[in-house]
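In the form predicted alone, a lone chain appears below as structure tokens.
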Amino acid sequence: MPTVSQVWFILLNDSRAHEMTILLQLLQLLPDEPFSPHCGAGPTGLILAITLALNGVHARVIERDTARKIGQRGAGIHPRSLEMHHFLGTASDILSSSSQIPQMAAYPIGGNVPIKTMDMLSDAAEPSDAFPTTRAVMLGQEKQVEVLTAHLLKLGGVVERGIELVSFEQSSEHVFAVLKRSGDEEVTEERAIFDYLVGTDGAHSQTRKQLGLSFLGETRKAQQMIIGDVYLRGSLTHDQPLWRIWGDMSSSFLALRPVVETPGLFFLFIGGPEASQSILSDHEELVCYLRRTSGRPDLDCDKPTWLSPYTPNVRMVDSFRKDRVFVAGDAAHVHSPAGGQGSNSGAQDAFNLGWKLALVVKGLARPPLLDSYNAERLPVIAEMLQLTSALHDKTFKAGLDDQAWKRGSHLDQLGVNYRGTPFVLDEIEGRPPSTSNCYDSRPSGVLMAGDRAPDASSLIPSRGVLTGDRLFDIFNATRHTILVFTRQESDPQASLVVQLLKAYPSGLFKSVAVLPSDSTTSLDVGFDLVVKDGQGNGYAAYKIPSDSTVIVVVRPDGVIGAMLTNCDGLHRYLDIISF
């Protein structure tokens, strides 16, 4: 029997492991494979499974549905998520399959010329050296799942479909789960033991319900809508690929977003009191609604590939964890689709938890590290629900206001931060009080522990191997990167850092000395990599004077874990995160 632990990640709708028992209710391990299971094979669960697999932990992923869900829902992928995909090695496939967000055009009924044309990303900043990606892209959840599943398979993982989490109990050391497998002729039951369980099983999460977590908030029944995918016929399919809208939510509303990578396919959004729910079952009624609301008599469509009612819910759990069981993504929070934060927030839940769970499962960090998941994500999600609710109210009020359709830069999530939380450490003098705004726009002032770690280009290797020339080519989802900004790599504090890190297992950290461009080569003290900041971009992005020695710890999820002035501070940080 393996000596490592099991984790169960439960990913229901939304993946296998380091010989440990983690159950994801998307994927599940056998009882003699000590890791965690998780339930749910959507993007959140798959990102968690990939993060674990990269860290040498293969979780068992189980999924109740026997086939992948189809559809273009959850299509917006924001810049922070694209950076995550870069660190996970999935970015190239995501980007090659995606398309740019089309302009939105509001039309009068029967008109061929738009009343207004709106760029939803008009407030997006231009790319910069520190922020190379600033615009979101579109890729439907169906294709996202296809890409992520392929990457998980390459890493040795698998999604076990047709398996459902029936129930579970916890002890101080294990999770005892009952699973049900639906076959062609019979239903079989399996009992399994895991170390941890993660539920990414969607808004109706059985994991959350069995944990007894609250899911407080509101359901906006008066704003029920209809969403789906349809193949359209008519002149519209030959026009410029715009995100077309007609009417408003006070009476009848129609939005058709082209799926650029699939000619003729549109994501359909219907709302307003004049939109009858009979549209769901009556194809002729659907066609009549499309023609009546758009004023285009030639508009026709095939039977929708899927069509579903949608009622906005604004809810979140009071805790993302109870002992050895976690929830993430829609299992932990649901909200308006306005702003496209849902799938992206679920992805960041998974990326935040994955590296921590891997360290604990492998015995490289103590269990208290897992407390940071709730401490960091809970306030972010609470603020996100407020933002998306306000945006929803603006977007769906009566009338046509192009400001209601604009998406501010804070929605790119590049400013989401964990400042002031118990598991980050900032010891740079003169810091302002930690901000309570954890959903900030991109910071232009002080960079602090808990912020996103900026990129920087034009790095020149002096010792060691550097593929590329950017900090983002160094950061990695499987280790902490210890950046030491110093004029000389033989600086006493720099040397102490190298000596301290030698006491830890190989591969846990990558030590990098970052020298000003005018520094001279000095004694090799053992850094994994020594680079010169050729254009000063690194010192500028991290706001470090060229004559200072500053230690910056970048976590596997691309967040600054610590900003320090000496090796004693690094020792304190490593103790805080339970190494």
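Heads up: residue numbers just count along the shown sequence, starting at 1. No experiment lies behind these values; they were computed from the predicted model shown.
Although it is not shown, the form predicted in complex with a small molecule is what the next lines describe.
- Contact here is defined as any heavy atom lying within 4.5 Å of the small molecule in the predicted complex, and by that definition not a single one of 221, 270 and 389 is a contact residue.
- Residues within 4.5 angstroms of the small molecule in the predicted complex, judged by any non-hydrogen atom, belong to 69-77 and to none of the other stretches in 274-282, 209-217, 460-468, 69-77.
- Mapping the unseen interface onto this chain, residue 447 falls outside it, with no heavy atom inside 4.5 Å of the small molecule in the predicted complex.
- Put simply, residue 330 is close to the small molecule in the predicted complex: some heavy atom of it is within 4.5 Å.
- The closest non-hydrogen atom of residue 337 lies within 4.5 Å of the small molecule in the predicted complex.
- Put simply, residue 416 is far from the small molecule in the predicted complex: not one heavy atom of it is within 4.5 Å.
- Between the options 411, 361, 163, 353, the residue in contact with the small molecule in the predicted complex by a heavy atom within 4.5 angstroms is 163.
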